[in-house]
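Same protein, same chain, two forms; see structure 1 and structure 2 below, as C-alpha coordinates.
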Structure 1
(Lines of atoms letter the chains of each structure in order from A and count residues from 1; the text may use other names and numbers.)
(Lines give C-alpha, C1' and ligand atoms only; values in the text may rest on other atoms or scores of the structure.)
Protein backbone atom coordinates (compact mmCIF):
# COMPACT_ATOMS: atom_id res chain seq x y z
CA UNK A 1 0.00 0.00 0.00
CA UNK A 2 2.78 2.41 1.03
CA UNK A 3 4.88 1.40 -2.00
CA UNK A 4 2.02 2.01 -4.35
CA UNK A 5 1.40 5.44 -2.90
CA UNK A 6 4.99 6.47 -3.50
CA UNK A 7 4.84 5.13 -7.00
CA UNK A 8 1.67 7.03 -7.72
CA UNK A 9 2.98 10.31 -6.38
CA UNK A 10 6.24 9.92 -8.30
CA UNK A 11 4.25 9.29 -11.40
CA UNK A 12 2.13 12.36 -10.82
CA UNK A 13 5.25 14.42 -10.28
CA UNK A 14 6.78 13.10 -13.47
CA UNK A 15 3.62 13.94 -15.35
CA UNK A 16 3.66 17.55 -14.28
CA UNK A 17 7.37 17.89 -14.97
CA UNK A 18 6.89 16.48 -18.45
CA UNK A 19 3.83 18.58 -19.15
CA UNK A 20 5.42 21.82 -18.06
CA UNK A 21 8.97 21.13 -19.26
CA UNK A 22 10.52 24.34 -20.44
CA UNK A 23 13.75 24.32 -22.35
CA UNK A 24 16.00 26.89 -24.03
CA UNK A 25 17.35 25.07 -27.07
CA UNK A 26 19.47 27.88 -28.44
CA UNK A 27 21.80 29.35 -27.21
CA UNK A 28 23.05 26.56 -24.91
CA UNK A 29 24.24 26.75 -21.31
CA UNK A 30 27.90 27.84 -21.05
CA UNK A 31 28.34 28.07 -24.81
CA UNK A 32 29.59 30.94 -26.92
CA UNK A 33 27.97 32.08 -30.14
CA UNK A 34 29.20 34.48 -32.83
CA UNK A 35 25.98 36.26 -33.70
CA UNK A 36 22.81 37.47 -32.08
CA UNK A 37 20.55 35.60 -34.44
CA UNK A 38 17.94 33.59 -32.63
CA UNK A 39 16.50 32.52 -29.32
CA UNK A 40 14.80 29.14 -29.57
CA UNK A 41 12.57 27.98 -26.72
CA UNK A 42 10.48 24.83 -26.38
CA UNK A 43 7.58 25.05 -23.95
CA UNK A 44 5.76 22.02 -22.56
CA UNK A 45 2.14 21.38 -23.57
CA UNK A 46 0.63 22.94 -20.47
CA UNK A 47 2.36 26.29 -20.98
CA UNK A 48 0.30 28.99 -22.68
CA UNK A 49 2.43 32.05 -22.05
CA UNK A 50 6.05 33.02 -21.52
CA UNK A 51 7.88 35.90 -19.88
CA UNK A 52 11.49 36.49 -20.86
CA UNK A 53 14.04 38.28 -18.75
CA UNK A 54 17.01 39.49 -20.80
CA UNK A 55 19.67 41.68 -19.22
CA UNK A 56 17.51 42.15 -16.12
CA UNK A 57 14.53 43.48 -18.10
CA UNK A 58 11.33 41.47 -18.27
CA UNK A 59 9.09 41.20 -21.31
CA UNK A 60 5.32 41.31 -21.21
CA UNK A 61 3.56 37.95 -21.17
CA UNK A 62 3.97 36.39 -24.64
CA UNK A 63 0.83 34.45 -25.50
CA UNK A 64 1.62 31.21 -27.33
CA UNK A 65 -1.81 29.64 -26.94
CA UNK A 66 -3.45 31.09 -30.07
CA UNK A 67 -4.81 28.50 -32.48
CA UNK A 68 -3.04 30.04 -35.44
CA UNK A 69 0.20 30.23 -33.52
CA UNK A 70 -0.04 26.61 -32.42
CA UNK A 71 -0.75 25.45 -35.97
CA UNK A 72 2.55 26.86 -37.19
CA UNK A 73 4.92 26.85 -34.24
CA UNK A 74 3.33 24.26 -31.93
CA UNK A 75 5.22 24.57 -28.61
CA UNK A 76 8.20 26.47 -30.05
CA UNK A 77 9.00 30.13 -29.57
CA UNK A 78 11.59 31.52 -31.98
CA UNK A 79 12.64 35.14 -31.52
CA UNK A 80 15.29 37.40 -33.05
CA UNK A 81 16.72 39.07 -29.98
CA UNK A 82 19.54 41.56 -29.59
CA UNK A 83 21.97 40.11 -27.10
CA UNK A 84 24.73 42.26 -25.62
CA UNK A 85 28.31 41.46 -26.57
CA UNK A 86 29.95 39.34 -23.86
CA UNK A 87 28.16 37.48 -21.08
CA UNK A 88 24.39 37.14 -21.21
CA UNK A 89 21.81 35.54 -18.96
CA UNK A 90 18.29 34.81 -20.10
CA UNK A 91 15.54 33.66 -17.78
CA UNK A 92 12.31 32.23 -19.10
CA UNK A 93 9.19 31.72 -17.00
CA UNK A 94 6.33 29.55 -18.25
CA UNK A 95 2.72 30.39 -17.33
CA UNK A 96 -0.46 28.38 -17.35
CA UNK A 97 -3.62 30.47 -17.11
CA UNK A 98 -1.68 33.27 -15.46
CA UNK A 99 0.09 31.09 -12.97
CA UNK A 100 3.83 30.42 -13.11
CA UNK A 101 4.48 26.71 -13.64
CA UNK A 102 8.06 26.50 -14.88
CA UNK A 103 11.27 28.46 -14.99
CA UNK A 104 14.63 27.98 -16.65
CA UNK A 105 17.68 30.05 -17.52
CA UNK A 106 20.71 30.01 -19.77
CA UNK A 107 24.13 31.67 -19.45
CA UNK A 108 26.07 32.16 -22.65
CA UNK A 109 28.62 34.45 -24.30
CA UNK A 110 28.17 36.52 -27.46
CA UNK A 111 31.60 36.70 -29.02
CA UNK A 112 31.71 39.79 -31.21
CA UNK A 113 35.49 40.19 -31.19
CA UNK A 114 36.69 37.37 -33.43
CA UNK A 115 40.32 38.27 -32.81
CA UNK A 116 40.08 37.73 -29.06
CA UNK A 117 40.30 34.13 -27.81
CA UNK A 118 37.00 32.51 -26.75
CA UNK A 119 36.18 33.05 -23.06
CA UNK A 120 37.32 30.49 -20.48
CA UNK A 121 34.76 27.88 -19.53
CA UNK A 122 32.50 28.45 -22.57
CA UNK A 123 32.35 25.95 -25.44
CA UNK A 124 31.32 26.72 -29.01
CA UNK A 125 27.64 25.88 -29.50
CA UNK A 126 27.39 23.04 -32.02
CA UNK A 127 24.01 22.66 -33.66
CA UNK A 128 24.22 20.10 -36.40
CA UNK A 129 24.36 16.89 -34.39
CA UNK A 130 21.57 14.29 -34.49
CA UNK A 131 20.11 14.87 -31.01
CA UNK A 132 19.67 18.61 -31.53
CA UNK A 133 18.48 18.38 -35.12
CA UNK A 134 15.81 15.85 -34.14
CA UNK A 135 13.84 18.58 -32.34
CA UNK A 136 13.78 20.75 -35.48
CA UNK A 137 13.24 18.03 -38.08
CA UNK A 138 9.45 18.06 -37.79
CA UNK A 139 9.29 21.53 -39.34
CA UNK A 140 12.69 22.14 -40.98
CA UNK A 141 14.42 20.07 -43.68
CA UNK A 142 17.48 18.74 -41.87
CA UNK A 143 18.67 16.31 -44.54
CA UNK A 144 18.52 18.28 -47.78
CA UNK A 145 20.11 17.27 -51.08
CA UNK A 146 23.28 18.86 -52.35
CA UNK A 147 21.34 20.78 -55.00
CA UNK A 148 18.83 22.13 -52.47
CA UNK A 149 21.44 23.88 -50.32
CA UNK A 150 22.19 26.24 -53.20
CA UNK A 151 18.54 26.95 -54.01
CA UNK A 152 18.29 30.62 -55.01
CA UNK A 153 15.07 31.27 -53.08
CA UNK A 154 15.37 32.39 -49.45
CA UNK A 155 12.09 30.65 -48.69
CA UNK A 156 12.95 27.33 -50.34
CA UNK A 157 16.64 27.07 -49.50
CA UNK A 158 16.69 24.78 -46.44
CA UNK A 159 19.62 26.62 -44.87
CA UNK A 160 18.17 30.11 -45.09
CA UNK A 161 14.95 29.18 -43.30
CA UNK A 162 17.07 29.37 -40.15
CA UNK A 163 20.17 31.28 -41.23
CA UNK A 164 18.79 34.20 -43.20
CA UNK A 165 19.60 36.53 -40.30
CA UNK A 166 23.30 36.21 -41.01
CA UNK A 167 22.70 37.38 -44.58
CA UNK A 168 20.68 40.45 -43.62
CA UNK A 169 23.52 42.95 -43.06
CA UNK A 170 24.15 45.43 -45.83
CA UNK A 171 27.32 44.05 -47.41
CA UNK A 172 26.89 40.48 -48.51
CA UNK A 173 29.47 38.29 -50.20
CA UNK A 174 28.60 37.30 -53.80
CA UNK A 175 27.85 33.56 -53.48
CA UNK A 176 26.36 33.80 -49.95
CA UNK A 177 24.09 36.66 -51.03
CA UNK A 178 22.89 34.40 -53.87
CA UNK A 179 22.17 31.59 -51.31
CA UNK A 180 24.77 29.30 -52.87
CA UNK A 181 25.66 27.72 -49.55
CA UNK A 182 26.84 24.61 -51.41
CA UNK A 183 29.73 26.43 -53.04
CA UNK A 184 31.54 26.42 -49.67
CA UNK A 185 29.58 24.06 -47.38
CA UNK A 186 29.26 20.30 -47.69
CA UNK A 187 26.47 18.03 -46.47
CA UNK A 188 29.06 16.17 -44.41
CA UNK A 189 32.82 16.30 -44.12
CA UNK A 190 35.45 15.35 -41.56
CA UNK A 191 34.73 18.52 -39.55
CA UNK A 192 31.05 17.68 -39.23
CA UNK A 193 27.65 18.12 -40.81
CA UNK A 194 27.16 21.14 -43.12
CA UNK A 195 30.64 22.43 -42.35
CA UNK A 196 32.67 24.59 -44.74
CA UNK A 197 35.01 22.70 -47.07
CA UNK A 198 38.00 24.93 -46.25
CA UNK A 199 38.64 28.32 -44.72
CA UNK A 200 40.94 31.28 -45.31
CA UNK A 201 43.08 31.60 -48.46
CA UNK A 202 42.69 27.89 -49.36
CA UNK A 203 39.00 28.60 -49.90
CA UNK A 204 39.28 32.11 -51.34
CA UNK A 205 41.72 31.04 -54.07
CA UNK A 206 39.07 28.73 -55.51
CA UNK A 207 37.29 31.81 -56.85
CA UNK A 208 39.78 34.66 -56.35
CA UNK A 209 43.06 33.10 -57.51
CA UNK A 210 44.13 36.23 -59.47
CA UNK A 211 43.47 38.51 -56.53
CA UNK A 212 45.36 36.35 -54.03
CA UNK A 213 48.29 35.96 -56.46
CA UNK A 214 48.44 39.73 -56.89
CA UNK A 215 48.48 40.30 -53.12
CA UNK A 216 51.28 37.81 -52.58
CA UNK A 217 53.34 39.31 -55.41
CA UNK A 218 53.63 42.69 -53.64
CA UNK A 219 57.14 43.46 -52.43
CA UNK A 220 55.90 43.79 -48.86
CA UNK A 221 52.98 41.60 -47.87
CA UNK A 222 50.94 42.38 -44.74
CA UNK A 223 51.52 39.76 -41.99
CA UNK A 224 48.05 38.14 -41.80
CA UNK A 225 47.71 38.16 -45.62
CA UNK A 226 51.05 36.44 -46.04
CA UNK A 227 49.82 33.84 -43.53
CA UNK A 228 46.69 33.40 -45.70
CA UNK A 229 44.34 34.38 -42.86
CA UNK A 230 41.72 36.11 -45.01
CA UNK A 231 38.84 35.26 -42.63
CA UNK A 232 40.39 37.15 -39.72
CA UNK A 233 39.32 40.32 -41.57
CA UNK A 234 36.64 39.15 -44.02
CA UNK A 235 33.45 37.30 -43.17
CA UNK A 236 32.35 34.85 -45.86
CA UNK A 237 28.67 35.82 -45.58
CA UNK A 238 27.59 39.37 -44.78
CA UNK A 239 28.42 42.19 -42.37
CA UNK A 240 27.48 45.86 -42.00
CA UNK A 241 30.92 46.85 -43.39
CA UNK A 242 32.09 47.20 -46.97
CA UNK A 243 34.15 44.23 -48.18
CA UNK A 244 32.32 42.09 -45.58
CA UNK A 245 34.89 43.20 -43.03
CA UNK A 246 34.34 41.69 -39.60
CA UNK A 247 34.53 45.16 -38.01
CA UNK A 248 34.67 48.80 -38.99
CA UNK A 249 38.11 49.40 -40.61
CA UNK A 250 39.91 51.33 -37.85
CA UNK A 251 38.52 49.07 -35.15
CA UNK A 252 39.75 46.07 -37.16
CA UNK A 253 43.28 47.44 -37.58
CA UNK A 254 43.56 48.65 -33.99
CA UNK A 255 42.53 45.19 -32.82
CA UNK A 256 46.06 44.04 -33.71
CA UNK A 257 47.92 47.37 -33.68
CA UNK A 258 46.80 48.70 -30.30
CA UNK A 259 49.92 50.83 -29.98
CA UNK A 260 48.86 53.23 -32.74
CA UNK A 261 48.35 56.48 -30.91
CA UNK A 262 45.97 58.97 -32.50
CA UNK A 263 48.03 61.81 -31.09
CA UNK A 264 51.34 61.15 -32.76
CA UNK A 265 50.71 58.82 -35.71
CA UNK A 266 51.70 60.64 -38.94
CA UNK A 267 52.85 63.60 -36.83
CA UNK A 268 51.50 67.08 -36.14
CA UNK A 269 51.12 69.96 -38.57
CA UNK A 270 51.95 73.63 -38.02
CA UNK A 271 48.73 74.05 -36.08
CA UNK A 272 49.95 71.47 -33.58
CA UNK A 273 46.89 69.33 -34.14
CA UNK A 274 47.47 65.60 -34.77
CA UNK A 275 46.67 64.18 -38.21
CA UNK A 276 43.18 62.70 -38.40
CA UNK A 277 43.00 58.90 -38.69
CA UNK A 278 39.31 58.82 -39.48
CA UNK A 279 36.75 61.18 -40.91
CA UNK A 280 33.79 61.53 -43.22
CA UNK A 281 35.76 61.98 -46.48
CA UNK A 282 38.82 60.58 -48.18
CA UNK A 283 40.26 63.22 -50.53
CA UNK A 284 41.89 60.48 -52.65
CA UNK A 285 38.66 58.63 -53.19
CA UNK A 286 35.64 60.89 -53.03
CA UNK A 287 32.60 59.05 -51.74
CA UNK A 288 34.61 56.94 -49.29
CA UNK A 289 35.31 57.51 -45.61
CA UNK A 290 38.73 58.45 -44.30
CA UNK A 291 40.36 55.62 -42.33
CA UNK A 292 43.55 53.60 -41.89
CA UNK A 293 43.13 52.18 -45.41
CA UNK A 294 43.08 55.68 -46.93
CA UNK A 295 46.87 55.61 -46.42
CA UNK A 296 47.66 51.89 -45.96
CA UNK A 297 46.75 49.13 -48.36
CA UNK A 298 45.39 46.34 -46.11
CA UNK A 299 47.05 43.58 -48.16
CA UNK A 300 50.54 44.89 -48.92
CA UNK A 301 52.52 47.37 -50.99
CA UNK A 302 55.81 48.60 -52.42
CA UNK A 303 57.19 49.91 -49.13
CA UNK A 304 57.20 48.81 -45.50
CA UNK A 305 54.14 50.92 -44.71
CA UNK A 306 52.08 49.34 -47.57
CA UNK A 307 51.08 52.82 -48.69
CA UNK A 308 48.27 53.31 -51.14
CA UNK A 309 48.87 54.46 -54.72
CA UNK A 310 51.93 52.23 -55.03
CA UNK A 311 54.10 54.86 -53.34
CA UNK A 312 57.10 53.84 -51.29
CA UNK A 313 58.02 56.65 -48.93
CA UNK A 314 56.03 58.85 -46.58
CA UNK A 315 56.67 62.08 -48.50
CA UNK A 316 55.20 60.83 -51.75
CA UNK A 317 52.30 59.53 -49.64
CA UNK A 318 51.47 63.04 -48.39
CA UNK A 319 51.23 64.23 -51.98
CA UNK A 320 48.54 61.68 -52.74
CA UNK A 321 46.19 63.99 -50.81
CA UNK A 322 48.03 67.27 -50.22
CA UNK A 323 49.23 69.07 -53.36
CA UNK A 324 52.47 70.99 -52.83
Structure 2
Protein backbone atom coordinates (compact mmCIF):
# COMPACT_ATOMS: atom_id res chain seq x y z
CA UNK A 1 0.00 0.00 0.00
CA UNK A 2 1.39 3.40 -0.88
CA UNK A 3 0.79 6.78 0.69
CA UNK A 4 1.69 9.72 -1.53
CA UNK A 5 1.85 13.24 -0.17
CA UNK A 6 2.96 16.45 -1.80
CA UNK A 7 6.21 17.25 -0.05
CA UNK A 8 7.19 20.84 0.48
CA UNK A 9 9.10 20.92 3.78
CA UNK A 10 11.34 17.86 3.36
CA UNK A 11 12.25 18.07 -0.30
CA UNK A 12 13.02 21.32 -2.02
CA UNK A 13 11.28 23.09 -4.82
CA UNK A 14 12.83 22.09 -8.12
CA UNK A 15 12.38 24.11 -11.27
CA UNK A 16 13.69 25.42 -14.64
CA UNK A 17 12.86 24.06 -18.07
CA UNK A 18 15.97 22.33 -19.37
CA UNK A 19 14.01 19.28 -20.53
CA UNK A 20 10.64 19.56 -22.21
CA UNK A 21 9.59 15.88 -22.21
CA UNK A 22 7.88 14.10 -19.32
CA UNK A 23 10.66 12.74 -17.13
CA UNK A 24 11.06 11.03 -13.76
CA UNK A 25 14.16 12.63 -12.27
CA UNK A 26 14.24 10.59 -9.05
CA UNK A 27 14.50 7.62 -8.79
CA UNK A 28 16.20 6.67 -12.05
CA UNK A 29 15.71 3.73 -14.37
CA UNK A 30 17.54 0.57 -13.19
CA UNK A 31 18.99 2.31 -10.14
CA UNK A 32 18.84 1.43 -6.45
CA UNK A 33 18.15 3.77 -3.54
CA UNK A 34 18.63 3.18 0.18
CA UNK A 35 15.64 5.05 1.58
CA UNK A 36 12.17 6.02 0.44
CA UNK A 37 12.67 9.77 0.27
CA UNK A 38 10.99 11.35 -2.71
CA UNK A 39 9.58 11.05 -6.19
CA UNK A 40 10.53 13.97 -8.46
CA UNK A 41 8.80 14.40 -11.82
CA UNK A 42 9.38 17.04 -14.48
CA UNK A 43 6.20 17.30 -16.52
CA UNK A 44 7.57 19.29 -19.41
CA UNK A 45 5.96 22.11 -21.32
CA UNK A 46 2.25 21.92 -22.06
CA UNK A 47 1.38 19.13 -19.61
CA UNK A 48 -1.25 20.30 -17.12
CA UNK A 49 -2.10 17.06 -15.32
CA UNK A 50 -0.42 13.82 -14.24
CA UNK A 51 -1.60 10.34 -13.29
CA UNK A 52 0.77 8.11 -11.35
CA UNK A 53 0.79 4.34 -11.13
CA UNK A 54 2.85 2.90 -8.28
CA UNK A 55 2.78 -0.77 -7.42
CA UNK A 56 -0.17 -1.27 -9.74
CA UNK A 57 -2.29 1.41 -8.04
CA UNK A 58 -3.24 4.51 -10.01
CA UNK A 59 -3.81 7.98 -8.62
CA UNK A 60 -6.50 10.41 -9.67
CA UNK A 61 -5.49 13.11 -12.11
CA UNK A 62 -3.14 15.53 -10.34
CA UNK A 63 -3.79 19.05 -11.61
CA UNK A 64 -0.58 21.07 -11.99
CA UNK A 65 -2.05 23.81 -14.13
CA UNK A 66 -2.99 26.30 -11.42
CA UNK A 67 -1.43 29.74 -11.60
CA UNK A 68 -0.33 29.64 -7.97
CA UNK A 69 1.10 26.14 -8.34
CA UNK A 70 3.04 27.10 -11.48
CA UNK A 71 4.43 30.19 -9.81
CA UNK A 72 6.03 28.03 -7.12
CA UNK A 73 6.75 24.66 -8.74
CA UNK A 74 6.81 25.48 -12.47
CA UNK A 75 6.35 22.11 -14.21
CA UNK A 76 7.70 20.00 -11.33
CA UNK A 77 5.81 17.55 -9.15
CA UNK A 78 7.53 16.52 -5.92
CA UNK A 79 6.00 13.72 -3.84
CA UNK A 80 6.83 11.75 -0.72
CA UNK A 81 6.23 8.06 -1.39
CA UNK A 82 6.44 4.91 0.66
CA UNK A 83 8.01 2.36 -1.65
CA UNK A 84 8.15 -1.34 -0.92
CA UNK A 85 11.54 -2.91 -0.21
CA UNK A 86 12.89 -4.54 -3.34
CA UNK A 87 11.86 -3.88 -6.93
CA UNK A 88 9.41 -1.09 -7.69
CA UNK A 89 7.86 0.34 -10.86
CA UNK A 90 6.47 3.83 -11.35
CA UNK A 91 4.44 4.80 -14.41
CA UNK A 92 3.53 8.42 -15.13
CA UNK A 93 1.06 9.64 -17.75
CA UNK A 94 0.97 13.29 -18.77
CA UNK A 95 -2.25 15.00 -19.87
CA UNK A 96 -3.06 18.20 -21.72
CA UNK A 97 -6.65 19.38 -21.44
CA UNK A 98 -7.76 15.87 -20.59
CA UNK A 99 -5.92 14.12 -23.41
CA UNK A 100 -2.93 11.88 -22.73
CA UNK A 101 0.11 13.34 -24.48
CA UNK A 102 3.06 11.57 -22.80
CA UNK A 103 3.93 8.50 -20.77
CA UNK A 104 7.08 7.27 -19.04
CA UNK A 105 8.13 4.79 -16.37
CA UNK A 106 11.07 3.77 -14.20
CA UNK A 107 12.03 0.48 -12.61
CA UNK A 108 14.17 0.80 -9.50
CA UNK A 109 15.17 -1.07 -6.35
CA UNK A 110 14.76 0.02 -2.72
CA UNK A 111 17.61 -1.62 -0.83
CA UNK A 112 16.76 -1.79 2.87
CA UNK A 113 19.41 -4.44 3.65
CA UNK A 114 22.72 -2.64 3.27
CA UNK A 115 24.63 -5.93 3.13
CA UNK A 116 22.56 -7.35 0.29
CA UNK A 117 23.76 -6.55 -3.22
CA UNK A 118 21.25 -4.96 -5.61
CA UNK A 119 19.96 -7.05 -8.51
CA UNK A 120 22.16 -7.43 -11.55
CA UNK A 121 22.00 -4.40 -13.80
CA UNK A 122 20.96 -1.95 -11.06
CA UNK A 123 23.37 0.87 -10.25
CA UNK A 124 23.40 3.30 -7.35
CA UNK A 125 21.35 6.39 -8.09
CA UNK A 126 23.50 9.51 -8.32
CA UNK A 127 21.78 12.88 -8.42
CA UNK A 128 24.78 15.19 -8.39
CA UNK A 129 25.93 14.89 -11.98
CA UNK A 130 25.95 17.82 -14.43
CA UNK A 131 22.90 16.84 -16.48
CA UNK A 132 20.68 16.38 -13.42
CA UNK A 133 22.03 19.41 -11.59
CA UNK A 134 21.22 21.55 -14.62
CA UNK A 135 17.52 20.88 -13.99
CA UNK A 136 17.85 21.99 -10.37
CA UNK A 137 20.13 24.99 -10.79
CA UNK A 138 17.36 27.51 -11.37
CA UNK A 139 16.18 27.16 -7.77
CA UNK A 140 19.11 25.53 -5.97
CA UNK A 141 22.71 26.44 -5.27
CA UNK A 142 24.44 23.47 -6.83
CA UNK A 143 27.97 24.69 -6.19
CA UNK A 144 28.05 25.77 -2.54
CA UNK A 145 31.15 26.57 -0.53
CA UNK A 146 32.59 24.36 2.19
CA UNK A 147 31.37 26.85 4.79
CA UNK A 148 27.85 26.78 3.34
CA UNK A 149 27.39 23.00 3.59
CA UNK A 150 28.14 23.17 7.32
CA UNK A 151 25.99 26.20 8.08
CA UNK A 152 24.10 25.49 11.34
CA UNK A 153 20.85 26.98 10.02
CA UNK A 154 18.41 24.62 8.30
CA UNK A 155 17.17 27.60 6.32
CA UNK A 156 20.59 28.68 5.05
CA UNK A 157 22.37 25.36 4.63
CA UNK A 158 21.87 24.43 0.93
CA UNK A 159 21.90 20.68 1.68
CA UNK A 160 18.79 20.81 3.82
CA UNK A 161 16.52 22.13 1.09
CA UNK A 162 16.51 18.64 -0.44
CA UNK A 163 17.85 16.40 2.30
CA UNK A 164 16.19 17.64 5.45
CA UNK A 165 13.98 14.56 5.41
CA UNK A 166 17.07 12.49 6.26
CA UNK A 167 17.48 14.38 9.54
CA UNK A 168 14.64 12.93 11.56
CA UNK A 169 14.38 14.35 15.05
CA UNK A 170 14.11 11.08 16.99
CA UNK A 171 17.74 9.93 16.98
CA UNK A 172 20.11 12.14 15.01
CA UNK A 173 23.83 11.72 14.58
CA UNK A 174 25.57 14.75 16.09
CA UNK A 175 27.00 16.33 12.91
CA UNK A 176 23.84 15.61 10.92
CA UNK A 177 21.59 17.06 13.59
CA UNK A 178 23.70 20.22 13.63
CA UNK A 179 23.69 20.42 9.80
CA UNK A 180 27.48 19.96 9.74
CA UNK A 181 27.35 18.10 6.43
CA UNK A 182 30.95 19.06 5.69
CA UNK A 183 32.12 16.94 8.61
CA UNK A 184 31.66 13.83 6.51
CA UNK A 185 31.03 15.02 2.95
CA UNK A 186 33.36 16.80 0.56
CA UNK A 187 32.46 19.16 -2.24
CA UNK A 188 34.29 16.88 -4.68
CA UNK A 189 36.50 13.81 -4.45
CA UNK A 190 37.41 10.84 -6.59
CA UNK A 191 34.09 9.15 -5.69
CA UNK A 192 32.02 12.06 -6.92
CA UNK A 193 30.37 15.28 -5.82
CA UNK A 194 29.31 15.61 -2.17
CA UNK A 195 30.38 12.05 -1.43
CA UNK A 196 31.78 10.88 1.91
CA UNK A 197 35.44 11.64 2.56
CA UNK A 198 35.88 8.04 3.69
CA UNK A 199 33.54 5.10 4.22
CA UNK A 200 32.48 2.96 7.17
CA UNK A 201 34.90 2.73 10.10
CA UNK A 202 37.59 4.76 8.33
CA UNK A 203 35.30 7.76 8.70
CA UNK A 204 33.56 6.85 11.98
CA UNK A 205 36.80 6.33 13.88
CA UNK A 206 37.82 9.92 13.28
CA UNK A 207 35.42 10.77 16.12
CA UNK A 208 34.65 7.40 17.72
CA UNK A 209 38.05 5.71 17.91
CA UNK A 210 37.77 5.24 21.69
CA UNK A 211 34.49 3.38 21.34
CA UNK A 212 35.80 1.14 18.58
CA UNK A 213 38.99 0.40 20.52
CA UNK A 214 36.92 -0.72 23.49
CA UNK A 215 34.93 -3.17 21.34
CA UNK A 216 38.01 -4.54 19.64
CA UNK A 217 39.50 -5.41 23.05
CA UNK A 218 36.76 -7.94 23.61
CA UNK A 219 37.72 -11.59 23.20
CA UNK A 220 34.94 -12.11 20.65
CA UNK A 221 33.91 -9.36 18.25
CA UNK A 222 30.73 -9.32 16.18
CA UNK A 223 31.50 -9.72 12.47
CA UNK A 224 30.34 -6.33 11.14
CA UNK A 225 32.23 -4.55 13.95
CA UNK A 226 35.44 -6.44 13.27
CA UNK A 227 35.08 -5.65 9.56
CA UNK A 228 34.45 -1.98 10.30
CA UNK A 229 31.03 -1.98 8.64
CA UNK A 230 29.37 0.51 10.99
CA UNK A 231 26.67 1.47 8.47
CA UNK A 232 25.40 -2.09 8.39
CA UNK A 233 23.53 -1.39 11.62
CA UNK A 234 23.73 2.38 12.13
CA UNK A 235 22.45 5.23 9.99
CA UNK A 236 24.97 8.07 9.87
CA UNK A 237 22.22 10.70 9.60
CA UNK A 238 19.15 9.90 11.71
CA UNK A 239 16.50 7.25 12.28
CA UNK A 240 13.42 6.70 14.45
CA UNK A 241 15.33 4.00 16.35
CA UNK A 242 17.48 4.37 19.45
CA UNK A 243 21.19 4.16 18.75
CA UNK A 244 20.54 5.38 15.21
CA UNK A 245 19.87 1.81 14.19
CA UNK A 246 18.60 1.28 10.67
CA UNK A 247 15.70 -0.81 12.04
CA UNK A 248 14.19 -1.97 15.32
CA UNK A 249 16.61 -4.15 17.27
CA UNK A 250 15.03 -7.54 16.62
CA UNK A 251 14.20 -6.76 13.01
CA UNK A 252 17.81 -5.77 12.48
CA UNK A 253 19.28 -8.83 14.21
CA UNK A 254 16.95 -11.31 12.56
CA UNK A 255 17.80 -9.83 9.20
CA UNK A 256 21.06 -11.80 9.39
CA UNK A 257 20.19 -14.40 12.03
CA UNK A 258 16.79 -15.44 10.71
CA UNK A 259 17.25 -19.06 11.86
CA UNK A 260 16.95 -17.90 15.48
CA UNK A 261 13.27 -17.19 14.95
CA UNK A 262 12.67 -20.60 13.32
CA UNK A 263 14.17 -22.82 16.01
CA UNK A 264 14.18 -23.29 19.76
CA UNK A 265 16.16 -20.43 21.23
CA UNK A 266 18.16 -21.10 24.44
CA UNK A 267 15.98 -24.05 25.44
CA UNK A 268 12.51 -25.12 26.45
CA UNK A 269 11.27 -24.22 29.90
CA UNK A 270 8.77 -26.10 32.03
CA UNK A 271 6.00 -24.78 29.78
CA UNK A 272 7.62 -26.37 26.74
CA UNK A 273 8.01 -23.00 25.05
CA UNK A 274 11.38 -21.60 23.93
CA UNK A 275 12.83 -18.49 25.47
CA UNK A 276 11.04 -15.43 24.05
CA UNK A 277 12.85 -12.93 21.88
CA UNK A 278 10.50 -10.12 22.87
CA UNK A 279 7.48 -9.46 25.01
CA UNK A 280 8.36 -9.89 28.70
CA UNK A 281 9.65 -7.10 30.90
CA UNK A 282 13.38 -6.53 30.85
CA UNK A 283 14.48 -7.26 34.43
CA UNK A 284 17.99 -5.97 33.85
CA UNK A 285 16.78 -2.63 32.49
CA UNK A 286 13.27 -1.81 33.72
CA UNK A 287 11.42 0.46 31.33
CA UNK A 288 13.19 -0.82 28.22
CA UNK A 289 11.73 -3.31 25.79
CA UNK A 290 12.99 -6.87 25.96
CA UNK A 291 14.88 -7.72 22.77
CA UNK A 292 17.97 -9.46 21.44
CA UNK A 293 20.24 -6.87 23.06
CA UNK A 294 18.78 -7.65 26.49
CA UNK A 295 21.04 -10.70 26.46
CA UNK A 296 23.57 -10.03 23.71
CA UNK A 297 25.98 -7.17 23.19
CA UNK A 298 25.77 -6.48 19.44
CA UNK A 299 29.40 -5.39 19.29
CA UNK A 300 31.21 -8.14 21.17
CA UNK A 301 31.82 -9.86 24.47
CA UNK A 302 33.94 -12.19 26.54
CA UNK A 303 32.09 -15.28 25.29
CA UNK A 304 31.03 -16.58 21.89
CA UNK A 305 27.46 -15.49 22.51
CA UNK A 306 28.48 -11.84 23.07
CA UNK A 307 26.60 -11.89 26.37
CA UNK A 308 25.93 -8.60 28.12
CA UNK A 309 27.69 -7.48 31.27
CA UNK A 310 30.89 -9.37 30.57
CA UNK A 311 29.16 -12.72 31.22
CA UNK A 312 30.86 -15.68 29.56
CA UNK A 313 28.69 -18.70 30.33
CA UNK A 314 25.07 -19.32 29.44
CA UNK A 315 24.02 -20.38 32.93
CA UNK A 316 25.56 -17.26 34.41
CA UNK A 317 23.56 -15.22 31.93
CA UNK A 318 20.33 -16.94 32.99
CA UNK A 319 21.05 -16.05 36.59
CA UNK A 320 21.13 -12.39 35.69
CA UNK A 321 17.32 -12.56 35.55
CA UNK A 322 16.33 -15.93 36.98
CA UNK A 323 17.51 -16.10 40.59
CA UNK A 324 15.50 -19.19 41.59
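Residue numbers count along the first chain shown, from 1. All values reported here derive from a predicted model rather than from experimental measurement. Whichever C-alpha set is largest while still superposing within 1.5 Å between the two forms counts as the rigid core.
**Q** With each form of the chain shown alone, which structure should be assigned as the form predicted in complex with heme C (HEC)?
**A** Of the two, structure 1 is the form predicted in complex with heme C (HEC).
**Q** If I superpose the two forms on their rigid core, does the C-alpha of residue 168 end up displaced by 2 Å or more between structures 1 and 2?
**A** Result for residue 168: yes, a 2 Å-plus shift.
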